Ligand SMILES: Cc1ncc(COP(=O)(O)O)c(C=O)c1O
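Have a look below at one chain only, the form predicted alone, in structure tokens format.
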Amino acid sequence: MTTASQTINLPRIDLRGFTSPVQFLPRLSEELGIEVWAKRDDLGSVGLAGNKVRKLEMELAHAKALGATHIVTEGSRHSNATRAAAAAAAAIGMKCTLVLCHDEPKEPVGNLLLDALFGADLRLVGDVSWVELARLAEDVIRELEAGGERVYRLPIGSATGRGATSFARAYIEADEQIQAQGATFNTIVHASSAGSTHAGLTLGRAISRKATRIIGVIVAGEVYDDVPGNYLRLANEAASLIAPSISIAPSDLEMTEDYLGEGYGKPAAGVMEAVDLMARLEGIVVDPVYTAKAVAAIIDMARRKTIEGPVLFWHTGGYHAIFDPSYTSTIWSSLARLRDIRL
């Protein structure tokens, strides 16, 4: 059998220290009438894990090779990507500056608290557009370089072709794991924002010559003007690095905004039920910004019978948002209604 490490051979820093497990979710499967598994990328050693750590293993190896000593990236103050970048930088002794948008809380909470704990320099720029946020990040880079820093720019979400190669490796890894358990998966569902997770999984499927349906559940549609076009670009940039004979076509990519709701970090139908069912039935936490929207998609598609099992829910992490006051009260009141909880 060809292993993931043999197939994807690019410089990489091991930030996780172990292979995240694939596990069967028996009680959720019974509830939905469809076989559901989970790839637990929410587990790991650096920065409380998540899918971004895989991409950082590739990106920071490249940054080190270029002689960089300081990374700069941008995102929402709820961002899992910036939290992971801050933690990874701390782990390998690099400086980190984060340029963060959206409302500023009265005190650090959720991922913002973790950003600070990991030693990042936080630049809070208010409720600006993603385009303006990128411009402000470039201003910060110029400032740091003028001060003598050797800066490596991480695009939002570590969304690069190099980062996407990590999820081509991840697809092969998960396929090997589930085969070792005598099982298979017909569908993968995951939360998607900047796109390199989806691009990489799609490339991994092509390398493996499988027919798995891969559904990216869009949770931040405003990151790009052309979401499908940028996902396609990332997939083919990754292919050029590790599988130049492969070309990803637009028809290879499947994504949906049906579960985006009111937008990034905003309410969407089914999200609170997803939080409830995953926690109550499987002891697994998903968050309302990212992963609960993917689980809501699985629940809805299973009930409407528009998805074929076995389904692999790729848990990309991000439970920290449930401790943010922006969401805590909503989650609590929703659970109180669902479960008739009284204090």
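For every residue, the number given is its place in the sequence shown, counted from 1. Remember, predicted model here, so these are calculated numbers, not experimental data.
Beyond the structure shown, there is the form predicted together with this ligand, which is absent from this document and is the topic of what follows.
When this ligand is placed as it is in the predicted complex, which of 295 to 303, 65 to 73, 277 to 285, 44 to 52 ends up with heavy atoms within 4.5 Å of it? Of the options given, it is 44 to 52.
Applying a 4.5 Å heavy atom distance criterion, does A194 contact this ligand in the predicted complex? Judged by the heavy-atom cut-off of 4.5 Å, A194 is in contact with this ligand in the predicted complex.
Does N80 make contact with this ligand in the predicted complex, using a 4.5 Å heavy atom cut-off? Yes, N80 lies within 4.5 Å of this ligand in the predicted complex.
Mind listing which residues of 299 to 317 have a heavy atom within 4.5 Å of this ligand in the predicted complex? In sequence order, T316, G317 come within 4.5 Å of the partner.
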